[in-house]
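So this first bit is one chain, no partners, the form predicted on its own, shown in structure tokens.
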Amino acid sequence: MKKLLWLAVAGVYAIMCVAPNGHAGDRDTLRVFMRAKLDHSQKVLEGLAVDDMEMVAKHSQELALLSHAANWQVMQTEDYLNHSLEFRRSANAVTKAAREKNLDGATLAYVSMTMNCVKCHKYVRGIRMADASK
């Protein structure tokens, strides 16, 4: 378990080091970061589909850790911070349910996490479109 935690921390650190100064404005760096989020999310879904609770716990924990990275913070609004907090809570709920070997609970938490992700992306696109039209 400690090894898994250290690997997760190392993964977050490696992703943060890809961006110069941790700046989220670099499109290539942000694209790599977003791909990592998507890859972990897909692994959670795979783990749910095959009832591999270790896989689910590992990748949902990675998602929660990524939500603390500097690259995650693409804007500093109260709404964005609330979206991030809700996502993190959902990811942690997936991890908790997976560790308890609760497939139904992990699946429901995954749906919630996915909804939070989609809502946040919709919010960010809306803000960026509004800024672009000014």
Ligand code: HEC
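On a predicted model such as this, the values are computed, not experimentally measured, just so you know. Sequential numbering from 1, following the sequence displayed.
Below: the form predicted together with the named molecule, not depicted.
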{"query": "Three-residue site M34, K37 and V74 fully in contact with the named molecule in the predicted bound form at 4.5 Å by heavy atom", "finding": "yes"}
{"query": "In the predicted bound form, the one of N92, T29, S84, T107 near the named molecule [non-hydrogen atom within 4.5 angstroms]", "finding": "S84"}
{"query": "Contact of V124 with the named molecule in the predicted bound form (heavy atom, 4.5 Å)", "finding": "yes"}
{"query": "Distance check, S41 to the named molecule in the predicted bound form, heavy atom within 4.5 Å", "finding": "yes"}
{"query": "Contact flag, V56 vs the named molecule in the predicted bound form, heavy atom cut 4.5 Å", "finding": "no"}
{"query": "Interface membership of A98, the named molecule in the predicted bound form, 4.5 Å heavy atom rule", "finding": "no"}
{"query": "Interface residues of 95-119 toward the named molecule, as seen in the predicted bound form [heavy atoms, 4.5 Å]", "finding": "M113, N116, C117"}
